[in-house]
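Take a look at this one chain, the form predicted alone, written out in structure tokens.
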Amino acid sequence: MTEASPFRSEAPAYDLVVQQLIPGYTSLARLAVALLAASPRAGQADAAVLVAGCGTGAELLEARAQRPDWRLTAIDPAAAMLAIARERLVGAAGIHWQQATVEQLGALDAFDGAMAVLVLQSLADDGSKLAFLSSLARAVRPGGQVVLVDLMRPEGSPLQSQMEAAWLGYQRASGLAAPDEALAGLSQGLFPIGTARLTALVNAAGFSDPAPVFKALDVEGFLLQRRA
């Protein structure tokens, strides 16, 4: 995620807050790494993998557990997040740290795979989402895959009010203080889109159609592959 996200107001409490907000969040990092580890490129030994918006390091910890051979590049625009991640992974070898966005990284065909969890949702659909996805596509090698997870906007579902009520119930049961305010805050500083719009953007960026791999209420995960 970027610094603009409302989830990032208190970096030390980030993991707890997101776990209370998103059902299944604790399994996301494990799933993301497992998906890339099964891909043709990132599944190879000593693969180079980018973690875009690494946050407090959940995906990095899981990558070290599942694939200690990966050469990881961890980037995030927030210094506070990078500091927490580096502290959690102190002593871990094979990680290159950089305070930057994917656009600033300027990588070209440098990675065999990438993960971007809760990043795209923080970018406005004014060209910023396309710029991020295009930079991500340029960063991975042809045939390389990306795990993308974000808050999505349902497209005309008649059950949306029930989904929102269920989300509030989940947050209350998780012990989140003032869940109504937390859910309302999701619309501030976040720019969710629907699946049709996401498909158009990833196609324009150079990826194939997104393959769904995760869904928990309005949070969805997709596997993308850069076209040759």
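Everything numeric in this text was worked out from a predicted model, so none of it was measured. In this text, residue numbers run from 1 along the sequence as written.
This protein has a second form, the form predicted in complex with a small molecule, left out of what is shown; the following refers to that one.
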Counting any non-hydrogen atom inside 4.5 Å, which residue from A85, L72, A114, V102 sits next to the small molecule in the predicted bound form? V102
Can you tell me if V119 lies within 4.5 angstroms of the small molecule in the predicted bound form, counting non-hydrogen atoms only? yes
Is there any non-hydrogen atom of F214 lying within 4.5 Å of the small molecule in the predicted bound form? no
Should A137 be counted as a contact of the small molecule in the predicted bound form, where contact means heavy atoms within 4.5 Å? no
Verify the contact flag for M81: yes if a non-hydrogen atom of it lies within 4.5 Å of a non-hydrogen atom of the small molecule in the predicted bound form, no if not. yes
Check for me whether the small molecule, as it appears in the predicted bound form, comes within 4.5 angstroms of all of E59, P77 and F132 - heavy atoms only. yes
Looking at 119-127, 89-97, 106-114, 139-147, which stretch has residues with any non-hydrogen atom within 4.5 Å of the small molecule in the predicted bound form? 119-127
